[in-house]
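First structure 1, then structure 2: two forms of the same chain, each alone, as C-alpha cells.
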Structure 1
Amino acid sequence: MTTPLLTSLAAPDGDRPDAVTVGGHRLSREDLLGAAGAVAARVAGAPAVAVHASATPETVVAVVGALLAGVPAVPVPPDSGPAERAHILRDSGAALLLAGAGAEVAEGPLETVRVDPAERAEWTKAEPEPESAAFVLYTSGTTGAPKGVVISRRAVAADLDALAGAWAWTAEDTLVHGLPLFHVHGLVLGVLGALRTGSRLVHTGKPTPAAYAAAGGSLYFGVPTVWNRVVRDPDAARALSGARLLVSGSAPLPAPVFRELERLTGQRPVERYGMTETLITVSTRADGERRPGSVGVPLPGIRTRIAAEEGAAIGELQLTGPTLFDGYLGRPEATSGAYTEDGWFRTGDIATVEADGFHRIVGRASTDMIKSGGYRIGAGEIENVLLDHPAVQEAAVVGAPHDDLGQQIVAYVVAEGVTERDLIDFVATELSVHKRPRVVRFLDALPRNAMGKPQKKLLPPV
C-alpha cells in the first residue's frame, strides 16, 4: 500500500543544513517544512494556487506549502509569454500566484503572494486525502491551447515509490539536476522524489557540464540535450564516473550520446519513459540491462500494450496503472477521447516491444509514424542512424506529402562536411532501402522546447 505523499517529508534524524540546495541556496528539511508551513497557512482553502516556477528555493517552498495545505499547485513557466500565462492562470482557477521576493512577475488578474524561505510556521493539520489533486500541470499545447492535467497525490506517491525501487534510490543518494521546475521531470521527480526518498537534492540552477561535474552527486537527472553537452566536455563527463546512476528522459537519448557516456563515465545511462498525463511508466533498472534506444520495462502496477495494424511490428503504446492522471481540467470530452473504449490510455507514442519485454519508443503518432510506399516507418529509427554519422550533430525526420509514395521521408540535420547524397546512402546501408530519406535539409539548429525536445511542427517546409 502506498504511504501518503508527505509522510516521509519530515526532517529525519541527522537533518543536514544542505538537504536541499537550489542555485547555491541551502535549506535543511526543517527549514523547508517551516517555510512551507508559513505558505500553507496563507493559501489554505484556496481552490488552486499558481507558482511562478523559477529554479529557486522559493519555488520548492511554495510547492511543498501548497501540498501541505492540500491545495493543487499550478506551476507557471517563468518565461511563458503573456498569452500562455494568462491562459494558465484563467483556466486553472488559481486564486493566488506564489512567487519569490525577487521574481519579476507581470501584473495580472491574481494577487501575488511573496514567498520567503526564512519565514517559519508550524503546520499540524492532517495529510489530505490521497485522491485529492496535487498538481495541475499544463501540456505544451502543440495541438491547441495547453490543457491542465490533474495529477492526484496518490499517483505521485505511487510513481515515486516505483522509481525508488527501480533505481535503488535511497536516503544515501545525492540527486543532482538542473531541470526546469514546471515539468514532471524537474519538479515531481527532481524535487518531490528527493524529498520522499530522503536523498539530498542539489539543483544546479542551469544544467551545465561544469555544474554537474562540481556537484558530486550519486544520482543525476538530465535530458538528451544536457547529456549531449556533457559528453562534449570530456573532463566534466569523467567527473561523473563516481556517480551511481545517470538517468535520461523527456526525449529519446541518441545512441551515440549513450555510447559516449558509457565510454567517458564507465557506466550506461538509465532511460525511462513517461508523459505529463501518466508520470513515469516504463524504465530500465539500476540492476538490469541498459540498451541504447530502449526505455526498459513497465514499472510495478503498470500494464502496456501495442495497438498495431495487423502484421505491423509497431503501433501506438497504450497503458493503464496507478500513476495515470485524473483527467484534463474542465475538459471531459478531451479526457474521454484520451482513453480507449476498454479504459486504456492512448499515449499517442509509437512503440515496439521486444520479445523480452523491453520497450522502444520510435516517435509520436501525429508526426513520427510515416506511411511511405505502403510501409509503416518510425522516424526515430532513422534519426538514430543519422546521429551515428560522425558529421551529424542533430537530426529530425518527418513524413511529407508525396504524390506517388503517400509520404516521403524528409530529414532535417545539423551537420558539416557532408552532402545530402552522403546521408541518404548512409541510411540506406544501415536500414532497409525504403527507409532512406528522399530529401535532406540542412539547418543551423533544430527548434526545441524547454526540455530539449525537437519541435517538428516548427520545422521549415520542404
Structure 2
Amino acid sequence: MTTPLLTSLAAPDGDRPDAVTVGGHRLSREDLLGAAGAVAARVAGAPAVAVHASATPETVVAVVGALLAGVPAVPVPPDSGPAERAHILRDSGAALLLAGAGAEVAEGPLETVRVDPAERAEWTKAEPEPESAAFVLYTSGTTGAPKGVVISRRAVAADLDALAGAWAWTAEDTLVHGLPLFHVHGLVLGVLGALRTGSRLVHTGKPTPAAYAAAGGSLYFGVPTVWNRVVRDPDAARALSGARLLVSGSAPLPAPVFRELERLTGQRPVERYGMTETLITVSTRADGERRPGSVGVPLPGIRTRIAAEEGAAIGELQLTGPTLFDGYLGRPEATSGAYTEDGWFRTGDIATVEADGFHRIVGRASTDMIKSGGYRIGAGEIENVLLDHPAVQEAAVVGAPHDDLGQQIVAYVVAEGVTERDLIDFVATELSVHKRPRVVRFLDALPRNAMGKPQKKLLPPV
C-alpha cells in the first residue's frame, strides 16, 4: 500500500537549512512547508492552478502549495511563446497563475498570484485523495497542440517509491540536477522525489558540467545531452567520481557517452526509461548490472510486453501498472486511442527484450515525434506554425541525428521571400525556444506519394 504523496514531506527532527537549494537560494523543509502553506490557502478550491515554472524556489513552493491544497498544478514552461502559453492556460482550466515576485509574466487571461518563499502559514487540512490529480503536464503528440496529461497523486507516489527502491535512494543522498521544472524528469523525479525520499536537493539552475562538478552530490540526474557535455569536460566529469549514482533518462544515452562516463568517473551510469504518460517504468538498478544501450528491467508493479509481428522480437513497447496517467484532459478519444483493446498503454517506442529481461529502446514508431536535448517535440505542432507564416506554402519537420542533442529539429519548407532566420524566429514567437528549428531547408516541392501525401522518408539529408 503506497503512502500518501506528501506524508513524508514534513521536516524531520534536526531540519537542515539547506534541504532544498535552487539556483543558490536555500530553504529548510520547515521554510518550504510554511511558504507552501501560504500558497495552499490562496489556491484552495480552484479547479487547477498554473505555475510559471522557472528554475526558482518559487516554483518549488508553488507546486508543493498546490499539492497541499489538492489543486492540480499545471507547470507552464517559462519560455513558451504566446500561442503555446494561451493554449495551456485555456485548455487546463487553470483559475490562477502562480509566479515569483521577480518573474516577468506576460499579460494573460488569469490573475497572477505572486509566490513569496519567505511567507509562512500553517496548513493543517488532511491530505487529498490518492486518486485525485496532482498534475496536468502538457506534452506534444505527433500532430496538433500539446495535450494535458493528467497524473494522479497515487501514480506519482508509486513511481517515486519504485525508483527509491531501484536506486537505493534515501535521506542520506544529495540529489543534484539542473533540469527544467516543468517536466516529469526535473519536477516529478527531481523535486518531489527528493522531498519524498528525504534527500537534500541541489538544483543548479542550468545543468552545466561546471555546476554539476561543484555541487558535491551523491545522486545526479541528467538527460543524455547533459552527460555528453559532462564527458567533453573531463575535469568536471572526474569531479563526479565520488558520487553514488549517475542517472540518465528522457532520451537514449549513446553507448560512447556511457563508456566515457565510466572511464572518467569510474562508474557505469544507470539508465531509465519513461514517458510523461507513464512516469518512469523501466530502469537499471543500483544493485544490478548496467549495460550501454539498455534501460534495464520493469520497475516493481509495471508489466511490459512487445507487440511484435508473429515471430519477430522487435515491436512496440506496451505497458500496464500503477504509474500510468488518468488520461488526456478533455480528450477521451485520444485517451482511448493510446490504449490497446485489452488495456495496455501503447508507448509508440520500438523495443526489444533480451533473454534476461533487459529492455532496449531501439526507436520510435513515428518519425513525427522528435526528442531534442531530452525535450519531446511534435513535428505537427511546428509544421502548423510554419504554415501560418504567409510566405510558407508547404512544411515538413523532422528530427535529424545530432551529436549533442540526439536529434535536431529540421524544417523543410516550400516558401518564397523569407530567410531561414525569419522562419526560426517566427516559430520562437509562437512556441517554446527549444521548439525552434535549428536548420531550415528550402525545397521546390515536398516529396509526395501517388496519393499526394508528403513522404518524410524521401526528404534530402540535412
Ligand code: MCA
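For numbering, take structure 1's sequence and count from 1. Throughout, rigid core stands for the largest set of C-alpha atoms superposing within 1.5 Å between the two forms. A quick note: this is a predicted structure, and the numbers were derived from the prediction, not measured.
Student: Pick out the form predicted in complex with methylmalonyl-coenzyme A: structure 1 or structure 2.
Tutor: Looking at both, the form predicted in complex with methylmalonyl-coenzyme A is number 2.
Student: On a core-based superposition, does R29 travel 2 Å or more at its Cα between the two structures?
Tutor: Shift of 2 Å or more: no.
Student: Does R436 move appreciably between the two structures, meaning a CA displacement of 2 Å or more on the superposed rigid core?
Tutor: Superposed on the core, R436 moves its C-alpha 2 Å or more between the two structures.
Student: If you line up the core, does V43 shift 2 angstroms or more at its C-alpha between the two structures?
Tutor: No, V43 moves less than 2 Å.
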